[in-house]
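Here we start with a single chain on its own, the form predicted alone, put down as structure tokens.
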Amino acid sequence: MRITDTSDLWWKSAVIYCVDIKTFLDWNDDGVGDFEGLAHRMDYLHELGVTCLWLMPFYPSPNRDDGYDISDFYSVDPRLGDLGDAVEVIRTARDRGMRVIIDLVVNHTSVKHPWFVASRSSKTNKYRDFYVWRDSPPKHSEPVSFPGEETSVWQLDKKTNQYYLHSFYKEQPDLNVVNPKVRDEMVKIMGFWLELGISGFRVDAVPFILDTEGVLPEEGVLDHPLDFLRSLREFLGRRSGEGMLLGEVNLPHKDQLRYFGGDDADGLTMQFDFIAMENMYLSLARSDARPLARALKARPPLPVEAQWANFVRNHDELTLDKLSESERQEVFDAFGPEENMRAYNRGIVRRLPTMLGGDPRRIRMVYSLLFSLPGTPVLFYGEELGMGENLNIGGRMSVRTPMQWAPTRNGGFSNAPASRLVAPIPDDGYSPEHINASEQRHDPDSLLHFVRKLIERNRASVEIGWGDLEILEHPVPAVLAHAVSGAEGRMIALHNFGSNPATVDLELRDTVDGTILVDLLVEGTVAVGPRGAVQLLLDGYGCRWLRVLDPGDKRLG
């Protein structure tokens, strides 16, 4: 598939903001955030510069896995509102220039979903083949996703005396993607929400959806599982000219290329770059930019119709599984030294500010990096404020605390008694008394204002979303220097992972006499010398964005 009209590729220059509705704002004061609360904070998100909202699961659910165990794909958790409220949020976002994408969770359902309830009623039920059943587990089955919480990916159903497959919790039986009726249902789910005005999907656990290993040979398997992904993309294109699929694919880059659809780019639209994220934390732990530089250099080039999604923190544990064991231990020692700060032997359950000891220089440097890397930046709610986590909750839920709006009761999230809140609020140095949106909105030196500026500069630098990356060579190990060049121009960014000031000498290619570099985060310009020579100074943990302007260039500095 080739897209010639690039005006439809809005997501290449988007700023995505991930919202968990139940922890964002409680408008009816029952202790749970709701759609109405989100609608009343749309102006805040517009001021921040967000152009796309990603809504985490808001469907009816028993909440064994924080809403990812879905019991009805076509409705709304009644605690959060109803379908009318969901449509109103989508409309309100559109009015402010923001698109909305939602989680597409089709690897599994809840055990409470009517399909599974029917499937376990008898071996001959018409929904039996919606799931994967066995008389006994295979001798060599996949490892569990949540070690310490599950011991097997197969669970005995005593009613029918067979085992069902569950890649995650036993309360989340896997759907059988080989069954054409299941695939038809997945398409119907997409079609339903597209009709209500959403602009795409964040596709959960993509490799698990396409894994047919649990299906017996005689049942038939998909000859090419990725063809199913292509069919979803094709359906999306037919139903919506602007639709996108943002995939969670935590695999090596070479495997991610397959999920993009290869040269034809007819698979996922965007994918999170887990490799770059993990190596960024290794660079932070070492005060050495070279691990991240190597990871970015190793990014395979993508067709124009595909894109990397960059992130600092997501809503799960900070997975480090693509690092070597010794590298992972380095990051654990630096940012998760205590056992309750880790999960599943592979990740950390803290937010960035607490991992960096609250150092505002390092925190700002990391977010500057996020918005300057080629690709699409993704923020998790509260990152723009520097929110922390609550380790007393435990596990990956530690980072999913209520949004901190004000230095008042419950952080302005809700007027309900604290005991009724959907999750407890941090009560340490990252509590609402210290970290909140209300005070930061009026403080020009706050992290919130800094992130606003980064978003503004990112939106004004089209090459970040559309251009090509070049890692600039120099002899200072602590500093990452990179350039992004596109049809609209070129920008250079430098980020110091070390605490000491640094002087960086660069030789810029394709410059002419009179070329200047204009600072985009502070006032100032730097003249480029003969043969592109330029010397740039950085504070400890400093960051600089510079627009390359040749004589006669009409871009604003």
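All of these numbers come straight from a predicted model, not from anything done at the bench. All residue numbers refer to positions in the sequence shown, first residue = 1.
Another form exists, predicted together with a small molecule; not displayed. Remarks below refer to it.
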According to a 4.5 angstroms non-hydrogen atom cut-off, is residue 172 in contact with the small molecule in the predicted complex? yes
Within 4.5 Å, heavy atoms only: does residue 168 come near the small molecule in the predicted complex? yes
Applying a 4.5 Å heavy atom distance criterion, does residue 113 contact the small molecule in the predicted complex? no
Does at least one non-hydrogen atom of residue 351 fall within 4.5 angstroms of the small molecule in the predicted complex? no
Heavy atom within 4.5 Å of the small molecule in the predicted complex: which of 202, 482, 322, 120? 202
Contact assignment for the small molecule in the predicted complex, among 453, 315, 239, 361, heavy atom within 4.5 Å: 315
Since the chain is shown here on its own, which stretch among 65 to 73, 44 to 52, 504 to 512, 488 to 496 would lie within 4.5 Å of the small molecule in the predicted complex, judged by heavy atoms? 65 to 73
Residues 108, 146 and 400 are flagged as a possible site; in the predicted complex, is every one of them within 4.5 Å of the small molecule by some non-hydrogen atom? yes
